[in-house]
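Shown here is one chain on its own, the form predicted alone, set out as structure tokens.
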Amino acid sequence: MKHSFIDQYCDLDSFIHRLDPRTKFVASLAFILAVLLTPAGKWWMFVFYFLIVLGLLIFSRLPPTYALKRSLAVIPFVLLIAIFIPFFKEGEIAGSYNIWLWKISVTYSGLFVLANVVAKAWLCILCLILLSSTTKLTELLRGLQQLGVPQAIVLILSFMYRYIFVLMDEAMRMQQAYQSRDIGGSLLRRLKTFGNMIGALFIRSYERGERIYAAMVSRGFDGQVRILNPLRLKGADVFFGVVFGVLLMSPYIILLVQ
């Protein structure tokens, strides 16, 4: 079974794809930091940052619908966390609702905060989609290692990327076996069956991890990953970093001038 939902378009040929993964990672962190530090209510800054991401998406030849669908898929999780802000934030009441025995009020200040949280989260998600879609995870991990990220984190991410597809295949085979033997039954019986499947998948994953670790240790693994061809910064990386940094700082410069 083939899975390509993580870095589906990382093999495209564009200027963004050819940049050093360290350049893209640092630029993504800088973009997220700039978005998070944007003062509340500065909607023109949010539009400016959105235009930057949109330009990079077009420049990298990624399908716009692909980035939009992936970003909208995460928005419900953001709303699940921030949806209660309008109900608990003090201020002028925008509306009141009676739910059974409770009277819940929504304030304008709460809606204002919610809109800012959703806007910032969406821009950050778009930036991460751009990073993951234009960089192979193996190259990104090499870049993180050369940037000094702790070796344990790099190893965990690399094993996650290597074996998440194996576990998905295992789960799909179990699901196929279950569907071929399913004879119906109550909801409780189905939930019990799915619980057993999850438990079996966990045990198989744990045992596979133990076998893999034993095989690595028997071959001399000491916790260090050696890189034969280290990454090297090029002139294009320096040019992109300078231009991108100036674009990120320009809204704050305008605010200082005002």
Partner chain sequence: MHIPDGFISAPVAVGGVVVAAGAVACAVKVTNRGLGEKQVPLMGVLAAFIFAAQMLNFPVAGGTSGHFMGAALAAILLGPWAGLLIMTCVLLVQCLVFQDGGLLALGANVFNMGIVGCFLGYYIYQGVTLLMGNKRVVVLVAGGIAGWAAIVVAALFCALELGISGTVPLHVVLPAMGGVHALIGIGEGLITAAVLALVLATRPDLMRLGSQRA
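Positions refer to the first chain, counted from 1. Treat the numbers as computed from the prediction; the structure is a model and nothing was measured.
Below: the form predicted together with its partner chain, not depicted.
Colleague: At 4.5 Å between heavy atoms, is T65 in contact with its partner chain in the model of the complex?
Modeller: Judged by the heavy-atom cut-off of 4.5 Å, T65 is well away from its partner chain in the model of the complex.
Colleague: Is it the case that W44, even though its partner is missing from this view, gets within 4.5 Å of its partner chain in the model of the complex, heavy atoms only?
Modeller: No, W44 sits far enough from its partner chain in the model of the complex that none of its heavy atoms falls within 4.5 Å.
Colleague: Does any heavy atom of R61 come within 4.5 Å of a heavy atom of its partner chain in the model of the complex?
Modeller: No, R61 is distant from the partner.
Colleague: Please check if A177 has a heavy atom lying within 4.5 Å of any heavy atom of its partner chain in the model of the complex.
Modeller: Although its partner chain is absent here, A177 would stay clear of it in the model of the complex, with no heavy atoms inside 4.5 Å.
Colleague: Of A40, L233, L191, L51, which residue is found within 4.5 angstroms of its partner chain in the model of the complex when only non-hydrogen atoms are counted?
Modeller: It is L191 that has a heavy atom within 4.5 Å of the partner.
Colleague: Heavy atom within 4.5 Å of its partner chain in the model of the complex: which residues of 152-170 meet that condition, in order?
Modeller: Read in sequence order, the residues that approach its partner chain (within 4.5 Å, in the model of the complex) are A152, I153, L155, I156, L157, F159, M160, Y163, I164, L167, M168.
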